[in-house]
Ligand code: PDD
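Given as structure tokens, the chain that follows is alone and in the form predicted alone.
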Amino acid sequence: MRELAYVNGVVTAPEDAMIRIDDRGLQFGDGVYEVIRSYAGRLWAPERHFTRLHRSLAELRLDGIDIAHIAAAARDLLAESRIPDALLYIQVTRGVKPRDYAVETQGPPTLVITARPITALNPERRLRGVRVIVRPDPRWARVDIKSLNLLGNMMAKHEAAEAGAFEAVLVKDGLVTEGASTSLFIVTDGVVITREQGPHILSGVTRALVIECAEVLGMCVEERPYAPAELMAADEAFLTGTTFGVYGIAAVDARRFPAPGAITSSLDALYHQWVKEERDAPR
């Protein structure tokens, strides 16, 4: 079992991997990425992740690379690493070009993949929930593209860490969007509510799976805008993400929640049952 990095076909230890300093990913953040985890050596929801990666590439008009090639390289690297519970990071940039804002010709993209063991999860977060803070959303206008432009996310996560919180819940134009690196749900009167898809949120893979879990359990799901006041008045709230699945929210700023609440617990249990059953194929 060992950590590995892949850069345009060359597999090395991560500390030995190199890219050119004039790669547009480094110079402009001109690229996209995906993060996929594995359970017992099997990638979880890979088709969903690769579909989202394909969409991100198309939105940036980043051509010259095939999703099937990326998927094969990712699977091969995971197998070679022999890491059972891994975090697979995939990054595609527009490649090496003279530093200029305009791109007149497409050249070979740069494909980077790393396979590393997933950081051990804190079991207390599932049992007792996590604390979040509310902050203005500083991100650019197309957060639906999983791009390398993560400065706003990083700044919000840093504020959360300084406040002793797990996550920052972001608000833009008077409406809640999502977490800085997670999807956000609230529960009011038995209804599961999350923001609708659009350029204001990243359409999370775990978010979609949890919505499907809710529908299987016969819960009503609403995808719509809502204000911070509705978050604060909710009965339950929870976060979803690739690395952990479902975390109940124990507090938003000074507002306390039961964590995990009954609906959050039901969704968490079914989600992890689906993990065991390998029930992650797209509908």
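So that there is no doubt, residue numbering starts at 1 and follows the sequence shown. Owing to the predicted nature of the structure, the values given are computational and were not obtained by experimental measurement.
As for the form predicted together with the ligand, it is not shown, yet the points below apply to it.
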query: Whether 153, 182 and 204 all lie within 4.5 angstroms of the ligand in the predicted complex by heavy atom; finding: yes
query: Candidate stretches 58 to 66, 22 to 30, 234 to 242, 253 to 261 - the one whose heavy atoms come within 4.5 Å of the ligand in the predicted complex; finding: 234 to 242
query: The ligand contact in the predicted complex: residue 216, any heavy atom under 4.5 Å; finding: no
query: The ligand contact at residue 35 in the predicted complex, heavy atom, 4.5 Å; finding: yes
query: The ligand contact in the predicted complex: residue 126, any heavy atom under 4.5 Å; finding: no
query: Residue 135 within 4.5 Å of the ligand in the predicted complex, heavy atoms; finding: no
query: The unique member of 195, 97, 146, 131 whose heavy atoms fall within 4.5 Å of the ligand in the predicted complex; finding: 146
